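As structure tokens, one chain now follows by itself in the form predicted on its own.
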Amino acid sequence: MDDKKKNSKKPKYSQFSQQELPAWKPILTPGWVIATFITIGALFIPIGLIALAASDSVVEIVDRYDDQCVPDDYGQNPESYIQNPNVKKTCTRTLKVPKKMVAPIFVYYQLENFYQNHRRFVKSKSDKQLRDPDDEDDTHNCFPEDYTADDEPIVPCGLIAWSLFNDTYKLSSRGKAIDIDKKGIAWKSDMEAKFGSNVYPKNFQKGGLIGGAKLNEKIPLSEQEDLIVWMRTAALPKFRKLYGKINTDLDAHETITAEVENNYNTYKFGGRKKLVLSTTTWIGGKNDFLGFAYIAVGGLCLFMAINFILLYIFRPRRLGDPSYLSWNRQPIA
């Protein structure tokens, strides 16, 4: 008998093992359900309206220039234009300020149909190499941009760095240049943790095929903020990346002259390039989706609440009535 007790697999009694602990078991009565839907609708709709108002207060100028900055002679073959080093790439665009833009004004370049999220593209870098000069030979993920023809390692290696955006923008108004501040555009965590302050570019863009911008070999990677911004790959084929900031206000109806250096080859894959000037609010840049999403959810909740109220009034039934269970209903003759 004692052996049976010793070998018993019966658990020791406790409130936890027997699921006897005190618990809150809410019963969703019609009143609670209707009140919950009304509360959510009453909260979400005003939040959505506030978010939409904030988005509408953002002043944004968007100018597509890739199709306009191709000379007429190359209209049918823009790729030959962008690859010809003897053709002038400078293009002048005129921008109109619709409403007063209060500093800081953010300058972005927007690319479309550019798949930075492609698996091979995303993997084509070396995090160790970017952080430590002793790991400059760590290029196993970077092919074909890993070594030069002389078998020297490329720093930074990989397709992401190689394809660095290289269009440039110069803005002016009323004959005076508008300064674009390019400091502080990258994440501080990236500058301090992902890119070494003692890692310098080496053998970069010195192969037969140049992908994009070149880097100053006298400046460490942690201070090359254009590269750091570009290396944070986008999740969607349409994205914006920060180019710089304007720290002076722009008046309403002011005319801005943008001198664009159209170097980046998006014509090969049917991409599009846009120059964007935008202010921000507490919600960030212009984004109507968040406001519409809150309003849609709030409106749906109010609609459901009204439906439940009508059902509760015109077709009431006793709470917990077992006659409504399928196995208690009388079969239809």
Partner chain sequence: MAHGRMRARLKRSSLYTFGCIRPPRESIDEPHQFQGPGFSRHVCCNEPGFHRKKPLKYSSNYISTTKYNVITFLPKALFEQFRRVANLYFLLAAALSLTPVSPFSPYSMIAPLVFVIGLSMTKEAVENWHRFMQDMKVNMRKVLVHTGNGVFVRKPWMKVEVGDVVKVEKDRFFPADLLFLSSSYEDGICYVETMNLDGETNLKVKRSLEVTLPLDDDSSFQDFKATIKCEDPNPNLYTFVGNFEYDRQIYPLDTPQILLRDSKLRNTSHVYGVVIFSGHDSKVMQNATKSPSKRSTIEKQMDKIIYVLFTLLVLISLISSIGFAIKTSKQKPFWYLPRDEQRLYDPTRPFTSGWIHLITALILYGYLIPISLYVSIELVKVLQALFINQDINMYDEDTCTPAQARTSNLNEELGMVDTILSDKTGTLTCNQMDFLKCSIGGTQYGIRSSEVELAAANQMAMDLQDLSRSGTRHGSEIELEVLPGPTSGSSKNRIKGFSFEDIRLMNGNWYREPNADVVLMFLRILALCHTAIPEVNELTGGLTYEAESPDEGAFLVAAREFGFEYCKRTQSSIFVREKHPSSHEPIEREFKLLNLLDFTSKRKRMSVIIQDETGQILLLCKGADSIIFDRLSKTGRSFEEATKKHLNEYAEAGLRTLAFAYKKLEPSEYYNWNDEFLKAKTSINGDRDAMLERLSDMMERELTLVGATAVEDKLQQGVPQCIDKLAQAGLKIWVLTGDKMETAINIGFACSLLRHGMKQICITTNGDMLTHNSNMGVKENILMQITNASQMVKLEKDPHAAFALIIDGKTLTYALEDDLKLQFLNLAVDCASVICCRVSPKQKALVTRLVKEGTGKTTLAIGDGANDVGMIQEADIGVGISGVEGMQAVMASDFSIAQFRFLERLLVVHGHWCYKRIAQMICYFFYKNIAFGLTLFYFEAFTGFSGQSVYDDWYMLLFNVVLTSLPVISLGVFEQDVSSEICLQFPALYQQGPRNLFFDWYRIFGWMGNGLYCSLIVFFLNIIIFYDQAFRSDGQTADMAVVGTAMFTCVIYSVNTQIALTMSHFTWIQHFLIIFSIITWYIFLVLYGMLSPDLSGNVYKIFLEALAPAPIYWLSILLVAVACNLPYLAHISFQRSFNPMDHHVIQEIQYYKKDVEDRHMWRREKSKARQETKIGFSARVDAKIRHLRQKLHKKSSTAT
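Numbering follows the first chain given and starts at 1. Basically, rigid core = biggest C-alpha set you can superpose within 1.5 Å across the two forms. If you're wondering where the values come from, they're calculated on a predicted model, not measured in any experiment.
Same protein, other form: the form predicted together with its partner chain, not shown, and the subject of what follows.
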| query | So, in the predicted bound form, is residue 284 in contact with its partner chain at a 4.5 angstroms heavy atom limit? | reply | yes
| task | Verify the contact flag for residue 153: yes if a non-hydrogen atom of it lies within 4.5 Å of a non-hydrogen atom of its partner chain in the predicted bound form, no if not. | result | no
| task | State yes or no: in the predicted bound form, is some non-hydrogen atom of residue 211 no more than 4.5 angstroms from a non-hydrogen atom of its partner chain? | result | yes
| Counting only non-hydrogen atoms and a 4.5 angstroms cut-off, does residue 280 reach its partner chain in the predicted bound form? | yes
| request: State the residue from 127, 134, 73, 217 whose non-hydrogen atoms include one within 4.5 Å of its partner chain in the predicted bound form. | output: 127
| remark: The one option of 95, 180, 234, 91 with any heavy atom within 4.5 Å of its partner chain in the predicted bound form is 234
| Exactly one stretch in 112-120, 252-260, 217-225, 171-179 has heavy atoms within 4.5 Å of its partner chain in the predicted bound form; which is it? | 112-120
| query | Quick one: which residues from 304-318 get a non-hydrogen atom within 4.5 Å of its partner chain in the predicted bound form? | reply | 304, 308, 311, 312, 315, 317, 318
| request: Taking the rigid core as the superposition reference, indicate whether the CA of residue 316 shifts 2 angstroms or more between this form and the one not shown. | output: no
